[in-house]
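Starting off, we have a lone chain in the form predicted on its own, written out as structure tokens.
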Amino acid sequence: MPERKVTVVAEVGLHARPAATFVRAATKAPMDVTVAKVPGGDPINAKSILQILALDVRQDETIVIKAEGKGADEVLDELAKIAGSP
């Protein structure tokens, strides 16, 4: 299963506006997309704003984003760019 490990650099972490942008992009994907904190966090649905906010990802924390299916690499690249951009 393709995946991307990303260190979140946004000052607010993956909250508020970055979380909404992340979820909008994930929702466009035709496949299931999950995200988890590293190390060892349980994967959650990347298409759920409530689950993303509950994950409580802060600046400089690492997440792993996974998706499988046609176009997964493009989706993962876009999500990694959103989560890793300031």
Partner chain sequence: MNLTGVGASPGTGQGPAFIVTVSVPEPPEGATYTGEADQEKQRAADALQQVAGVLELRGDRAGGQAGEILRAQAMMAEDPGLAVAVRSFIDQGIAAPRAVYQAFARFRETLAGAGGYLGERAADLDDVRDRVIGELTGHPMPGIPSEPAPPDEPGGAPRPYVLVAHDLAPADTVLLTKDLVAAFVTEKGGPTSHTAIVARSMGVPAVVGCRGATGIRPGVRVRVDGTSGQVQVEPPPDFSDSRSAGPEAGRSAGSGVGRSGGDAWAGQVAARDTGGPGRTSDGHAVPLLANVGGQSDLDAAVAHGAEGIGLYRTEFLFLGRSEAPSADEQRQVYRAALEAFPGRTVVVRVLDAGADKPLSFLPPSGGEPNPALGERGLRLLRRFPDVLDTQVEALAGAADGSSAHLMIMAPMVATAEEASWFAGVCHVRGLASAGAMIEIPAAALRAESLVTVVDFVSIGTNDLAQYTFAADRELGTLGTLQDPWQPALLDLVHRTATAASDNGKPCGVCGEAAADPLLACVLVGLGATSLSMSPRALPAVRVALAGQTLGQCQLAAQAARGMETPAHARAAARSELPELARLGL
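Owing to the predicted nature of the structure, the values given are computational and were not obtained by experimental measurement. Residue numbers count along the first chain shown, from 1.
Keep in mind that the form predicted together with the partner chain is not shown, yet the notes after this line are about it.
- Put simply, H15 is close to the partner chain in the predicted complex: some heavy atom of it is within 4.5 Å.
- Of the heavy atoms in K37, none are within 4.5 Å of the partner chain in the predicted complex.
- Using a 4.5 angstroms limit between non-hydrogen atoms, A20 touches the partner chain in the predicted complex.
- By the criterion of a heavy atom within 4.5 Å, M31 is excluded from the residues contacting the partner chain in the predicted complex.
- Taken together, the three residues R24, N45 and D56 all come within 4.5 Å of the partner chain in the predicted complex, as judged by their closest heavy atom.
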